[in-house]
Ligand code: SAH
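Next comes just one chain, in structure tokens: the form predicted alone.
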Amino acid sequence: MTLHRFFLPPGTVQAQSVTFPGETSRQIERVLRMKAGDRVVVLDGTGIEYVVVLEAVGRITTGAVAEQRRNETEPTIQLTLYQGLLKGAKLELVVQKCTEIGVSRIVPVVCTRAVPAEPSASRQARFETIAREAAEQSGRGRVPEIAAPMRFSEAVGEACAAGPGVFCWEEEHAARILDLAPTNESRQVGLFVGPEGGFTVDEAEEARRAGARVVSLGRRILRAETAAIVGSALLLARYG
């Protein structure tokens, strides 16, 4: 039987016992209708997961650690997705699906053709909730970081300084993402995917000058949210 999984704040597990936060306690009691003696998995973002036996279920839910083990589902590389700002629920979809795939960090990027305004504090909190729930559902050991929005030039500089930068552009026809050679130089990879209108020629050239590898995802033009999911999956398969 698959156990329910909960990401809790660091330090929640103390001396082999767990006190669940109020919101999680309500979920355990009222939504999942769990009882004392049931087992759940608790994660605190360290890569360790704890099998916890519930001792008291209610407004304050407590449990005891029965087993601890290292989570084995995280990719061997850290993939940061630099995603051009998207409209409406599209960015929420990218956060959810790319969390499931294994992306380590998601950075919204303000670029030339990005129409939406930078996310508000409430929308940022919504992204973080979506990432946490997707990480719980998919069995991950860590919740991806949802970074504050960056300007395009800053994002390109950061990515290329940390490791290989991979820039997806529909106007590139020679170099394919599948042709990228695996590398042991860095365990960090940055993937750039444009907004609905795509990246401009100037942005592609700036990325190339910074050292990014400009690539094609194939002969068909993908929607931005589809490109983020496909590109992330291909890079994780290619690099580790």
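One-based numbering along the sequence shown. Since this is a predicted model, take the numbers as computed values, not measurements.
Just so it is clear, the following notes concern the form predicted in complex with the ligand, a form of the same protein that is not shown.
- From the list 32-40, 52-60, 189-197, 65-73, the contact stretch for the ligand in the model of the complex under a 4.5 Å heavy atom rule is 189-197.
- Proximity of Cys168, Arg220 and Ala224 to the ligand in the model of the complex is complete: all three residues have a non-hydrogen atom within 4.5 angstroms.
- The ligand is not drawn, but in the model of the complex it has no heavy atom within 4.5 Å of Ile28.
- In the model of the complex, no heavy atom of Thr12 sits within 4.5 Å of the ligand.
- Though the partner is left out of this view, Thr19 does not reach within 4.5 Å of the ligand in the model of the complex, counting heavy atoms only.
- When contacts are judged by a 4.5 Å heavy atom cut-off, Val215 counts as touching the ligand in the model of the complex.
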